[in-house]
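One chain follows as structure tokens, the form predicted on its own.
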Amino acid sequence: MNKIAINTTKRTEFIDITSRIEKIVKESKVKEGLCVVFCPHTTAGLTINENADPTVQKDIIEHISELVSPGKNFLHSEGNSNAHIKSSLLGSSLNVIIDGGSLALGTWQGIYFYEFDGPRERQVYVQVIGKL
């Protein structure tokens, strides 16, 4: 298993981790298989989305924040229930097919780490499974 260290700098932010995952896949020498990406944090998440226009990430952050705002009357004593809910909405893991030694992402797709309770030091785990 490989670990990617991520240092977030804002309460909520999107970080493109595609190139870091692609590097791990290339170094594994796996030609056909699966890349599993896992976030071991309950206030952060992962998603695959457009990587061509940065306004997409801004729109997602804005509208998820409207959907689950911090001003709600939450019971959780740490004051970050909205971050836990956002994390659950996005999810904590992704599976990406490896084809010809590369991630089989669409033309406009990238893999993103979402921070909902930063700034923090985070990790993402990457496991490459398949045939050399």
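All values reported here derive from a predicted model rather than from experimental measurement. In this text, residue numbers run from 1 along the sequence as written.
One more form of this protein, predicted in complex with a further copy of the same chain, exists but is not displayed; see below.
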{"property": "Distance check, residue 5 to a further copy of the same chain in the predicted bound form, heavy atom within 4.5 Å", "result": "no"}
{"property": "Exercise: residue 18 in contact with a further copy of the same chain in the predicted bound form, heavy atom 4.5 Å", "result": "no"}
{"property": "is_contact(residue 32, a further copy of the same chain) in the predicted bound form, heavy atom dist at most 4.5 Å", "result": "yes"}
{"property": "Distance check, residue 26 to a further copy of the same chain in the predicted bound form, heavy atom within 4.5 Å", "result": "no"}
{"property": "Contact set, 1 to 16 vs a further copy of the same chain in the predicted bound form - heavy atom within 4.5 angstroms", "result": "1"}
